[in-house]
Structure formats: structure tokens, C-alpha cells
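The data below hold one chain only, encoded as C-alpha cells and taken in the form predicted alone.
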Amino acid sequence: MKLHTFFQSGSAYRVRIALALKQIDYEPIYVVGGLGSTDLKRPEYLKLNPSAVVPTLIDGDTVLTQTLAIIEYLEEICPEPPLLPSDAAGRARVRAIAQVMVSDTHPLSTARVIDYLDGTLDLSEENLNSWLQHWNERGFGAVEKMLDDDGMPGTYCHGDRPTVADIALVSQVFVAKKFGADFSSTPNVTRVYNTCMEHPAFLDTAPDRQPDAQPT
């Protein structure tokens, strides 16, 4: 397998975590994403991923895009350890938590959205930061309520082993922290995040531990 990845991409982080949890070896292909990047717009990359985003996973002749689709693919070809619960209700709950992060929250704070808000709409830095903080805090507020109301016991989002929900939560916390999101009102989110970051699959694949990470 080959994975087109960029250290600062929350989306690429999701797939790196899944690969690590399943202990699947892959060859990383480092591209430069983020604001002002042209790497993802190269014709050869657009043939693989027309959305001009990372990650892209290549498995033989199969080219995969979109993180949840990639993770579900990995789940099917390598069922152990499972990233989804065995029961239908549990799988639905885990997917719902992940979707709040991946579908409701993450798209509103991507580089291409920031570039449009800044470069095209000429949003002030103060208003831009307010936008980013608002949508991230709203998303985590929803997940906080889901974790609290559902009353599912365990140290992770769903029981005592990592699932797709934890992958989505941790990767979005990384994104939200860059924008100064406030986590003081989300103790369950913070608890799950801290638990995950003690697991090597989450810690070793973190953005600041990637070979392409830029020195600060």
C-alpha cells in the first residue's frame, strides 16, 4: 500500500491512525498541502484524487479517497482488530459520532475553506478565527452530549477499545487546537482524547511526529 499524506492534514491523520491500529504496513508518499500549496493540483495527482485533497490510498490497482471510505475498506480487507462494534446499534452510534466530526465539523475548517474566506471574501483575521472556533466548538459540543447522554461505559468513545469514532475525534481535536478552540466545557471529549493519546497508534502517527513535519 501507498499513502499520499501531509503531516498537517487532519484527514491524513485519520488514515494513519487506522493503518497503525490494524498494523498494516504502507509506503508514505509525502505531499505538501495547506494554504498556497500547488502539489495537490498537479495533473498526475488530480488523476488519483480529483478533489485535490489528501489522503489518497493506493492498494495495488485500487485507488481510494475520502477517509471514512478508506477506513471502511481497511475494515473489510483486514477485520482484526475491528474498528467498528459487532452489533448494528453500536456501529450506527460509532458512525454517527465520526460523522459529526468528519462531515459536520472538519469541512468548515479545511485549508480550501480558509483560503476562500480569507482570499476571496476578505474576512478579517479576527472574524476568520471566530468562524473556525465557532464551528469546531459546536461540533465538539454535539459529540460531548452524545458521549454523555448515551451513557456508554468505557474509556473510549464506545467501550474499551478504539473505534472509528475515536479516530475522528482525535484528528479533529488536532485541527481545532490550531484555531484555539475551547475545550473547557467538553470533559468527555477531553477524557477520550487523553486516553487515545496514550495509545501508540494515535501518538506515533500524530502530525508533529511525521517525517515531513516542519520545524517550529
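All residue numbers refer to positions in the sequence shown, first residue = 1. Please read these numbers as outputs of a predicted model, since none were measured by experiment.
There is also a form predicted together with another copy of the chain; it is not shown, and the following applies to it.
Colleague: Would you mind picking the one in 180, 50, 60, 153 that has a heavy atom within 4.5 Å of another copy of the chain in the predicted bound form?
Modeller: In short, 50.
Colleague: If we define contact as a non-hydrogen atom of the residue within 4.5 angstroms of the partner, is residue 69 a contact of another copy of the chain in the predicted bound form?
Modeller: Flag for residue 69 set to yes.
Colleague: Mark residue 83 yes when one of its heavy atoms lies within 4.5 Å of a heavy atom of another copy of the chain in the predicted bound form, and no otherwise.
Modeller: Heavy-atom contact with another copy of the chain at 4.5 Å: absent for residue 83.
Colleague: Check residue 65 for me: does it contact another copy of the chain in the predicted bound form (non-hydrogen atoms, 4.5 angstroms)?
Modeller: Yes, residue 65 is a contact residue.
Colleague: May I ask you to state whether residue 119 is within 4.5 Å of another copy of the chain in the predicted bound form, using heavy atom distances?
Modeller: Residue 119: no, not in contact with another copy of the chain in the predicted bound form.
Colleague: Going through 93 to 108, which residues have a heavy atom within 4.5 Å of another copy of the chain in the predicted bound form? Please give them in sequence order.
Modeller: In sequence order, 95, 96, 99, 100, 102, 103, 104, 107, 108 come within 4.5 Å of the partner.
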